[in-house]
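In the block that follows, a single chain appears as structure tokens, in the form predicted alone.
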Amino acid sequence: MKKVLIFLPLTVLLFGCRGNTSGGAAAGGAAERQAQAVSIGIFIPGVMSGSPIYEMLAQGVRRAAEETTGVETTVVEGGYNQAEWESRVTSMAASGDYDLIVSSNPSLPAIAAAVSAKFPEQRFLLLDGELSGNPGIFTMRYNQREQAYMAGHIAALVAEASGPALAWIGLVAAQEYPAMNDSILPGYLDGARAVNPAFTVDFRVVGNWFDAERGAELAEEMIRGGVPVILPIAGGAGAGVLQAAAEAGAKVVWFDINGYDLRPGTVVGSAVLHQDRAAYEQTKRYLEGRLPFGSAELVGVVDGYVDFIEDDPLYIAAVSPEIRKAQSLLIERIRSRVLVLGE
């Protein structure tokens, strides 16, 4: 249960309760935030250790909490079995312990909507997903078509430099899901075809987010088939892709975080999400009573949440000046809105 500070006037105790918000309005006002302690649950759809994107989520929420008096945070890990995530989130809501549940995954909006139907007073802040119209849920989705386009562009530049006949790039995904099929895969292909319309993508699926051995097997098959550059979006299975590429002399483009130091010289691009910033800023909006529940926002390169890391010395060492210049010109076209990549 929420912890109410003592020595408060009776009127505060009577009217400072959760659940007095209407659809689309921010959950509570600044006065209510000051009148009572706030508890935030951070739901990790997986395991946080070794998952930088979820580590950034927790870091951002905790930073916002540390800057606000009377805010507590708790991390709850959902594990790798996706079938159990809804029951874990349901338990969090049923406990009544959390004013706000924060998470990040494309599957979370549907899970939160199901939980919200049973516990309508529960509030959710969800990143990397989209759902509008539910008065208890706010979502912020990243423009992953932009992110994938930049990844495909650098992959094609590096592949083309490896040999004029090489018009293949690879993508190893943990699973197929709407964002992968509708945004990431087509964006990756479009980015490559901006370099050369002849490019195609060898697309393979691991089947889970943790099997590094299977990730390595798929990468090895791709490389033997002539694929010189691979993008893994496979969680822990991506380590297998990276290992296989390093051993075979192939290259890798990393996704979501700066991956150059994972395998210097093998990782030739990093298309990233600034998830820590997003988690921090949106949690602050909630704590200040400004988070517009019921709405969904899409953010991208122009907003500063999607980016490509160009200034890392390991990138500069791994990629030729000509390739870096071509990639930089693309990124500037997106930032200046000369090139607009809608979802």
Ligand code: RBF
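Definition used throughout: the rigid core is the maximal C-alpha set that superposes within 1.5 Å between two forms. Numbering starts at 1 and follows the sequence shown. Every value quoted in this text rests on a predicted model; they were computed, and no experiment measured them.
The protein also exists as the form predicted in complex with riboflavin (RBF); that form is not presented, and the subsequent description refers to it.
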Hey, in the model of the complex, is residue 175 touching riboflavin (RBF), heavy atoms inside 4.5 Å? yes
Touches riboflavin (RBF) in the model of the complex: residue 203 (any heavy atom, 4.5 Å): no
Residue-level question: is residue 240 within 4.5 Å of riboflavin (RBF) in the model of the complex, judged on heavy atoms? no
Would you check, heavy atoms only and a 4.5 Å threshold, whether residue 159 touches riboflavin (RBF) in the model of the complex? no
Which residue, 216, 273, 223, 195, has a heavy atom that falls within 4.5 Å of riboflavin (RBF) in the model of the complex? 273
Of 78, 235, 228, 187, which residue is found within 4.5 angstroms of riboflavin (RBF) in the model of the complex when only non-hydrogen atoms are counted? 235
So in the model of the complex, are 82, 85 and 147 all sitting within 4.5 Å of riboflavin (RBF), heavy atoms only? yes
Exactly one stretch in 175-183, 91-99, 241-249, 132-140 has heavy atoms within 4.5 Å of riboflavin (RBF) in the model of the complex; which is it? 175-183
Counting only heavy atoms, which residues in 251-286 are within 4.5 Å of riboflavin (RBF) in the model of the complex? 255, 256, 273
Does the C-alpha of residue 282 move 2 Å or more between the shown form and the other one once the rigid core is lined up? no
Exceeds or equals 2 Å, Cα of residue 50 between the shown form and the other one, core fit: yes
